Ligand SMILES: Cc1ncc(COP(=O)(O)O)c(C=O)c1O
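A single chain, nothing else alongside it, follows as structure tokens in the form predicted on its own.
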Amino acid sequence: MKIPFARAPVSFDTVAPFLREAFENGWLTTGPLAERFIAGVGEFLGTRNIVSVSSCTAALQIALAAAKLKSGDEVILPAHTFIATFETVELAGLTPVLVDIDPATWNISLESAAAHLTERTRAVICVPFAGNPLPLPAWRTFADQHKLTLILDNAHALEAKFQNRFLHEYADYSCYSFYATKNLTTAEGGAIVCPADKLELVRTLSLHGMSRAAWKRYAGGSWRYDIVETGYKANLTDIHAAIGLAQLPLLQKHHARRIELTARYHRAFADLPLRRQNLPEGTLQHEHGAHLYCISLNDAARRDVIIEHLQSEGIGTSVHFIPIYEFSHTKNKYSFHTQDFPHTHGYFSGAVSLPLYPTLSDAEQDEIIRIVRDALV
């Protein structure tokens, strides 16, 4: 493909020194490189209460487990999210409650969440879609008033802020993704930020419920360990951490480039019959995580035409996301109906995601812009 939808901002040459270290120390799996990587991410986010895990999905599973929710408890989440957000609730024996999105920001609607509260509601998972921050002071107040655990699925929102504060500062648990397409990638990986008093529990849950990690035992000290919780196999390896360590010094530079590319798209499409994601009131453009650039066409019938046209020109596209209620599994198991989510449906029916990554050149972006404009003007 001439212009792929996603391109990781990393090369073998930049990763090689870290990989060599991982091989030469003989450990390969979770060890000193994983520890250095997550410490670096924590330094960027301004927290020490962070644990590396194997994926954002694992982070969500651990957050739900650490919150000590009980079977049948209800968890509110947006219909507009990746399936992992929903599946982790199901797998934990909890009841997922889908709510609609805000028509302007395309993030979970606080009004819709409030309308779906019941006496069984125990948690809410908010998703800063595409990296767009939520008005989290209002969500924090909502969670506190109703005694809910506030979890952020921050897969898109590593760099995102609301009123100059990282999003995790407002939440009980914040879950991050370092998947291959993310702003910071370890190919597969994730992290969870939690309260200080839950740090050891979260770390233990990520390693089979063990009281001591294997590399800590073998590096010196007793062989003995205890199993103190029913845990998960969710550890990040040194091999994966090596990929992330190569990108950490460039994280802010890469984010700035994504913001620049987003602004270029905004200017180029300002006069076209389409909708774009709005920032919440009081947020500045540089506080957006700028993970995805998504548009929604006013004429839904044009969506597939534009995607096919872009693909015929060798340009990758995607759609984020197919709503949870659209899948056969959820249709068969739950009584979700499209008409219950008018804003999600309105966005999805015309949704297109365009390439956005720091190594995308101005010339490449101009070609994307030209094709979209030719199709719509």
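Don't overthink the numbering: it's just position in the shown sequence, from 1. Being a predicted model, the structure only gives us computed values, none of them experimental.
Form predicted in complex with the named molecule: not shown, discussed below.
Of the listed positions (Trp27, Tyr325, Phe321, Tyr347), a single one reaches within 4.5 angstroms of the named molecule by any non-hydrogen atom in the predicted complex, namely Phe321.
For the residues Ile243, Ala160, Val127, Val193, the 4.5 Å heavy atom test against the named molecule in the predicted complex is passed only by Val127. Across the options 197-205, 151-159, 267-275, 106-114, residues that bring heavy atoms within 4.5 Å of the named molecule in the predicted complex belong to 151-159. In the predicted complex, the named molecule sits within 4.5 Å of a heavy atom belonging to Thr81.
In the predicted complex, the named molecule sits within 4.5 Å of a heavy atom of Thr57. In the predicted complex, no heavy atom of Asn183 sits within 4.5 Å of the named molecule. Although the partner is absent here, Gly131 sits far enough away that none of its heavy atoms falls within 4.5 Å of the named molecule in the predicted complex.
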